[in-house]
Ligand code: C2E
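Have a look below at one chain only, the form predicted on its own, in structure tokens format.
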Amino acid sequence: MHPIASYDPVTELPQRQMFIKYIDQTLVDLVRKKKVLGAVLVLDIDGFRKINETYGLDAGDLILHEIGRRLTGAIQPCDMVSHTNGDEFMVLLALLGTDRLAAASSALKTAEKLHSILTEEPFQTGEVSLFIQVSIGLTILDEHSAKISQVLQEAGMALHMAEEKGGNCIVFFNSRIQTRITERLSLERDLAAALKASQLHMVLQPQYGQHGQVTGAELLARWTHPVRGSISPAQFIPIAAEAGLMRQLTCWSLRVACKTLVALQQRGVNHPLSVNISPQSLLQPDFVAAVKTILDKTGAPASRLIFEITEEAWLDDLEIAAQHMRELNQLGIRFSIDDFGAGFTNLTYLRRLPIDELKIDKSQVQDLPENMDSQAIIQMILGMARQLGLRVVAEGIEMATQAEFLFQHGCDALQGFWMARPMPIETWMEQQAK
């Protein structure tokens, strides 16, 4: 009889250590002695934290218990399901035969079946029915699986790739995944070094009003790697977030923005500057103090700083975000919701938070003015912004017809290649001083 401590009290499933022992025994008895293949699956519930925050921990526990029940009912007696951590489950498939291709096919089919039973039927929590989404990483257990740690690492890598793809999918581990993960880890180390070695720099893209006047500008981070060359922000910013480097990157960006504001002021230019602020940084307890320190050291006018924050910032901890935003707002800093329209912003946030500006995502303007649906969405956003007293900037403008439509319907400013590409800060400052 197994001790109670070996089982999770919420799901009544084996916990991680017991599961690992079972894998180890399977590896010795079946894989190495009898050449019978197995597989390990790691399942993660996408966005489970939001369920706990919205419906409460009791509702979350009910869902976890039901997940365990569904998984256990869908596997063979020789297999095992474990609740290993939080919203993570693992499954061992023990008897998949001796043919590798057949074993891989069987494991994938089982993963698809488990995915279906978890995502196609709702979970009942009181009077609420909830559907969930699940990411699954899968690896084969064979005679080359030298250590348990290797097996778990491979399954974890595959799960990471599933989440990178947007979640709610299954990814089978292979050597290409390992190469990609190794490459990513290398970039993490290089980015940490780059922040210390001044390999990163800022460029500036101006924003224009209806009559061609400059109304402000956005600062954009760029990384020139000494070996790899230019690395896109779309690549290195997610890496910074995962590697815990966003605080450093955000503070560096803010220092550059403040120094640029001071230099502009000395040249008699008073345009506001927008800088992207990490949601992770905004939620840090000492972030407001860090911003005050940078403002004090640089002497930059806070009233000409605009912090752009992407929509997902509001999904983690609204109250803390709101508190820090109000404190920064009191200093004179304004806030803009970046990429507005690309996600699913809860519109009540627009009245609960000190927002001054909406920045319409380029995905909403790229089909203007021909697409009637795009027209309707843009007019709805502009109308709502007028009612709430918010300034609106549209980004990604590449054609005169897009600009004409947006200005005709009340957009305050535009940003994009049609007006100006990102340029060195010094180049722009020289242009403004003329």
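Because the structure is a prediction, the values reported are computed rather than measured. Residue numbers run from 1 along the displayed sequence.
This protein has a second form, the form predicted together with this ligand, left out of what is shown; the following refers to that one.
Looking at 87 to 95, 221 to 229, 74 to 82, 147 to 155, which lies within 4.5 angstroms of this ligand in the predicted bound form, counting heavy atoms? The contacting stretch is 221 to 229.
Contact check for Gln205, Ile277 and Gly396 against this ligand in the predicted bound form, heavy atom at 4.5 Å: Judged in the predicted bound form, Gln205, Ile277 and Gly396 all sit within 4.5 Å of this ligand.
Decide whether Lys362 counts as a contact residue for this ligand in the predicted bound form under a heavy atom distance cut-off of 4.5 Å. Result yes; Lys362 sits at the interface with this ligand in the predicted bound form.
Applying a 4.5 Å heavy atom distance criterion, does Ile136 contact this ligand in the predicted bound form? No.
How about Met246: is it within 4.5 Å of this ligand in the predicted bound form, going by heavy atoms? Answer yes; at least one heavy atom of Met246 falls within 4.5 Å of this ligand in the predicted bound form.
How about Glu308 - does it come within 4.5 Å of this ligand in the predicted bound form, if we only consider non-hydrogen atoms? Residue-level check for Glu308: yes, a contact with this ligand.
Between the options Gly332, Gly167, Pro233, Gly209, which residue brings a heavy atom to within 4.5 Å of this ligand in the predicted bound form? In short, Pro233.
Quick one: from Ile237, Ala322, Ala192, Val262, grab the residue that has a heavy atom within 4.5 Å of this ligand in the predicted bound form. The option sitting close enough to the partner is Ile237.
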